[in-house]
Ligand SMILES: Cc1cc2nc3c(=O)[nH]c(=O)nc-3n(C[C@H](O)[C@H](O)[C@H](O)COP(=O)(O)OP(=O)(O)OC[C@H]3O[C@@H](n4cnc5c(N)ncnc54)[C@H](O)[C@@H]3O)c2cc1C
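This document opens with one chain alone, in C-alpha cells, the form predicted alone.
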C-alpha cells in the first residue's frame, strides 16, 4: 500500500453526520483548517427517528441551514401520544420560548445530512468522502491520521492539532476496535426503521409506542412520509423470528408492531412501505465521554440515550455546539496540548451537566415502556395526569438548548490546506 502526501489541518473530524458536520463548519467559519472524514456515500438512509426538537432550530439557522431545513422538513410537532395496546393518551408538546421556532419538526436523514455536509463544504471544510480512517497515531497537538479513499490502496496522511470523534453508534475508532464488546445479552436492543406513504398518522403528532420487549415511535416527516422506528430486545426478536421461519427481520418486526399496537394498525392501514426495513445494533447506550480523553467526542461517540425520547439529533447538534464553544472561546486560536487537556476537562463536565439527565430519563422511560408492568404503571399515571407527557418532553430537552452556537469575535487568519486530494471529495 502506497503512502500519499502529508497534509496539515488544525482539526480532523471523523464522521459527517449531524454532529461532525456541525462541528466542522463552526470551526471552519472561525478560520480553522478542517478535514471531515466520512466512510459512506451520501445521501444515505439511516436508522433514526428523525425528529429535530424545537431547541435545535435556532442553532440550525445560526449554522446557515435554517432556510433549507424549513423548506424541507415535515409539519410542526405539537402533540405527543403514548400508545399501549388498544389504549392511547395524548398531550400537548411544550412550546419553545423562541418567537420564530416554537415547535420541532422531522426531516429524513438522507436530506438533513446532505444539507449539513454541503454547508460545511461551503464554509471551506475539506470533505474526504467516501474514505476509511485506517489509523490514528500521536498525541494532542501532534496527531497523524491515515485515510484511505474507498476502493483505493493509496493512503493520505493527515496531520492535525486535534481530533474530534463523531463516528456515531455502529463503529469505533481504529485504536478502540480491540476493546469492542464480545458476546450477546438477551437484553441487547436492535433498532429498526422504515418509511411509509399513504399513512393516516396525524400530522403534527409524535406517537410513542410501548411494546412487550421493546419501544418505538412514529412521526410525519418531509413530503408526508411517515417514519416508523423501534427498538426490540434480542430475546423478543429471537422469539418473533422463530414464529416466522425464513421471514426477514424487518417484516417480522412490522407484523409484531401491527399486532401489538392498535395505533400502528390504524396508522399503517392502506399505507405503502417505501424500501426495505433498515436495522442496526445492538445499541450501546450510556456515557462514553471521559475528562482524560486525548480526543474530543461529540454525538453518539460521547454518549447515547435510549431513543425513546427522540433526542439523538438534539444531542448530536448540541454537543457539537457545546464543544465548539469550549474550543473557540473568546479567541479562535488552535489550542496546544496543554490547553486541550484543560478544555477536555471543562467540556466533559459541561457535557455531563447538559446531557446526563436526558440519558437517565430516557433509560427509566425505556425500561418502563418495555415491560407490561411498567407500561401499566405509566398508563395509570397518565390517565390521572396526562400533562406528565408534556412535562417529560420538557425534562427531556425538547425546548432547551444545551449550549449557544460558538461565535468568536474575530476569525483567526488561517492558511487552509491546499492539497487537491483533501480539498474535495476523492
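The model shown is predicted, which means the values in this text are computed figures rather than measured ones. Positions refer to the first chain, counted from 1.
The next section is about a form of this same protein that is not shown, the form predicted in complex with the named molecule.
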{"item": "Full three-residue contact with the named molecule in the model of the complex, heavy atom 4.5 Å, for 17, 51 and 307", "value": "yes"}
{"item": "Interface residue in the model of the complex among 115, 321, 194, 133, criterion: non-hydrogen atom within 4.5 angstroms of the named molecule", "value": "133"}
{"item": "Candidate from 334, 229, 261, 145 lying within 4.5 Å of the named molecule in the model of the complex - any heavy atom", "value": "229"}
{"item": "Partner contact for residue 47 in the model of the complex: the named molecule, 4.5 angstroms, heavy atom", "value": "yes"}
{"item": "Any non-hydrogen atom of residue 240 within 4.5 angstroms of the named molecule in the model of the complex", "value": "no"}
{"item": "Residue 390 within 4.5 Å of the named molecule in the model of the complex, heavy atoms", "value": "no"}
{"item": "4.5 angstroms heavy atom contact with the named molecule in the model of the complex for residue 371", "value": "no"}
{"item": "Per-stretch contact check against the named molecule in the model of the complex, the hit in 194-202, 78-86, 337-345, 296-304 (non-hydrogen atom, 4.5 angstroms)", "value": "296-304"}
{"item": "Partner contacts for 270-296, taking the named molecule in the model of the complex and a 4.5 Å heavy atom cut-off", "value": "283"}
